[in-house]
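Encoded as structure tokens, the following chain is the form predicted alone, with no partner shown.
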Amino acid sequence: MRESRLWALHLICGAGLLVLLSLHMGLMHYAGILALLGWAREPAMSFSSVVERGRGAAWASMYVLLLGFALYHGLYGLRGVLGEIWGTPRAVRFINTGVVIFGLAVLVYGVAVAVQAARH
């Protein structure tokens, strides 16, 4: 049952990644099309645009969600691969612990960066 829940969360994160990455790709790499439609005023990659996006709470939330989805999705997959390579119960516990610690550390750092960027 626990693995089913983790797998379902993996799939949900994959779907979230698909949505947020599509939004990111559309806004960052198709700015010319958005400008033609009147939705973008300046290039998405200009310094002022990047700073402005970093200050917005909505963008910071999106970055944090994207980071969380990517971390969970990627680390769950890595955990599965490493668990198949070193399948002893002790190794699997070590892998699970390492993946959780690494994921939480990166998530905390990423959230701190997004919050700091939104404050300035």
Partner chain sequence: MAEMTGNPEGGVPEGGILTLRVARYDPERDRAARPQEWKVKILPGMTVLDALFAVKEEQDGSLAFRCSCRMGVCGSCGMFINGKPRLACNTQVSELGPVVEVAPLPNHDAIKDLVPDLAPTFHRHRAVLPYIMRGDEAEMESPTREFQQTPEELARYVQFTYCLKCSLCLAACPTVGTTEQFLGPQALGQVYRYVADNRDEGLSKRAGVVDASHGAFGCHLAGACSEACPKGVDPALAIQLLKRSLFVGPPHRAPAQVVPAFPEGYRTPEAAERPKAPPPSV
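Keep in mind the model is a prediction, meaning the values are calculated, not measured. Positions refer to the first chain, counted from 1.
The next section is about a form of this same protein that is not shown, the form predicted together with its partner chain.
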Inset, instruction - Check each of Val92, Leu65, Met28, Val51 and return the one that places a heavy atom within 4.5 angstroms of its partner chain in the predicted bound form. - result: Val92
Legend entry - Interface stretch in the predicted bound form with its partner chain - options 65 to 73, 51 to 59, 30 to 38, 79 to 87, non-hydrogen atom within 4.5 Å: 79 to 87
Inset, instruction - Give a yes/no on whether Arg2 approaches its partner chain to within 4.5 Å in the predicted bound form, heavy atoms considered. - result: yes
Legend entry - Any residue of 49 to 74 that, in the predicted bound form, places a heavy atom within 4.5 Å of its partner chain: none
